[in-house]
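The chain below stands alone and is given as structure tokens, in the form predicted alone.
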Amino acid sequence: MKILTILGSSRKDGNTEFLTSKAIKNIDHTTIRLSDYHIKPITDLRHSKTGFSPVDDDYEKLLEQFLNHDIIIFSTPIYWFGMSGQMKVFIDRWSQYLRDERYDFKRKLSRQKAYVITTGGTDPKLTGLPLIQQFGHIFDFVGMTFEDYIIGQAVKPGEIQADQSALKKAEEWNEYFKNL
């Protein structure tokens, strides 16, 4: 099983990334840090006669990696009660590739298993649930299997180390991934 982590934070080495690193420690995987790439927002041309136009950015480089993995870990902090802008733009671009004849996008996504890791402050295990539901609806729409999620409580760098339940769940995932 090929594992891909997609890091959606604007901060390197933040709490969400720390929690993700615990889940994939000593596991063969690929990591994409979205902030390291130039990804343009979608121009919605679904209903135009010409459809979507090619976009000059790094997205298709990421898309190739994304589609060639079996397990995807979407890792994003909770920003304003939702996913990061980087993660949202990455997912918004799926609209374009659902209609791109070069890819059998939806079929390929239906073979993938999705996991979500997120962190935030102010009672994230409650306020982060709409984000988890949003991911669930996205995965349902494209046919991905939503396996599990972790919500950690942390704001300032390093605070995630105090959330023992999130750390424990990340360790459980790690054991599970090791046995695949």
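It should be emphasised that the depicted structure is a prediction, and the values quoted were computed from it without experimental measurement. Sequential numbering from 1, following the sequence displayed.
Omitted from view is the form predicted together with another copy of the chain, to which the following refers.
Interface stretch in the predicted bound form with another copy of the chain - options 123-131, 110-118, 23-31, 64-72, non-hydrogen atom within 4.5 Å
Within 4.5 Å of the partner lies stretch 123-131.
Do D92 and another copy of the chain share at least one heavy atom pair within 4.5 Å in the predicted bound form?
Residue-level check for D92: yes, a contact with another copy of the chain.
Touches another copy of the chain in the predicted bound form: F81 (any heavy atom, 4.5 Å):
Because a heavy atom of F81 falls inside 4.5 Å of another copy of the chain in the predicted bound form, the answer is yes.
Decide whether V55 counts as a contact residue for another copy of the chain in the predicted bound form under a heavy atom distance cut-off of 4.5 Å.
V55 lies outside the contact set for another copy of the chain.
Give a yes/no on whether H47 approaches another copy of the chain to within 4.5 Å in the predicted bound form, heavy atoms considered.
H47: yes, in contact with another copy of the chain in the predicted bound form.
Would you give me the residues of 1-40 that have any heavy atom within 4.5 Å of another copy of the chain in the predicted bound form, in order from first to last?
Contacting residues: S10, R11.
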